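Next up: a single chain in structure tokens, the form predicted alone.
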């Protein structure tokens, strides 16, 4: 036991030093998905059958294949695609490819969550917004988007937690974050104390996920208050 505690004391500063990298691999895909997720959702709701069909195939592929497979597809596939147009990206860091793969995967799941939430919304709420004088964009900002987000909020929370935990796959392609650094330390110590080190990094992930849980619970409550205010205004 003492060996395990000593190992944690030695390795913990290094693990925490890689925490910003883990957060980077989480925050950047989250920010990019805030753009691409809604765009995919709107494409799936489009009147154009060809666009709907094409996006459905892409989203289904991203949701139906393992994230690890997608990471390797991006790692080896993107250089070929860019190379075909004369752009060499082989010197890009592994982290960039991981962020790209995470964004593709996360956007697909978020788009479906938003689409389901939108389709579940009471159409009468949209009509009520228009009846009190809201224009198309005002209705979207004050009625459609808040209600869609509130309905999707709990599912989005689970997806964000999965994205955060998924950063632990980055080291498989050489993008070293907390889990990658921990794996290196375990290798250097020939597996001695690996349970202690894995337990330590697990606690860090658990705390981060708990903070996400608190954030989304507060967001859900805030959107609920906004929805009540809009209901009072429409009445």
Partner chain sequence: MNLDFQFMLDDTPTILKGLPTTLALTFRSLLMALALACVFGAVINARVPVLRPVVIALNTFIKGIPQIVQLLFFYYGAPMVSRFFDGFLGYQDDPRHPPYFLAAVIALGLNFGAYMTDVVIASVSAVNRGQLEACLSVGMSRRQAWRRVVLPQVVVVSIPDMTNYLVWLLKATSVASIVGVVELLAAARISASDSYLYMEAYIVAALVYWLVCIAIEFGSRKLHNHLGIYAIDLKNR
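A quick note: this is a predicted structure, and the numbers were derived from the prediction, not measured. Positions refer to the first chain, counted from 1.
In what follows, reference is made to the form predicted together with the partner chain, a form of this protein that is not presented.
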### Message
Partner absent here, but in the model of the complex, which of 88 to 96, 70 to 78, 112 to 120, 140 to 148 has residues with a heavy atom within 4.5 Å of the partner chain?
### Response
70 to 78
### Three-residue site 60, 84 and 209 fully in contact with the partner chain in the model of the complex at 4.5 Å by heavy atom
yes
### Query
Which pick from 31, 45, 198, 188 sits with a heavy atom within 4.5 Å of the partner chain in the model of the complex?
198
### Task
Report whether the minimum heavy atom distance between residue 36 and the partner chain in the model of the complex is within 4.5 Å.
no
### Query
Should residue 179 be classed as touching the partner chain in the model of the complex when contacts are defined as heavy atoms within 4.5 Å?
yes
### Query
According to a 4.5 angstroms non-hydrogen atom cut-off, is residue 53 in contact with the partner chain in the model of the complex?
no
#### Entry: 4.5 Å heavy atom contact, residue 174 to the partner chain in the model of the complex
no
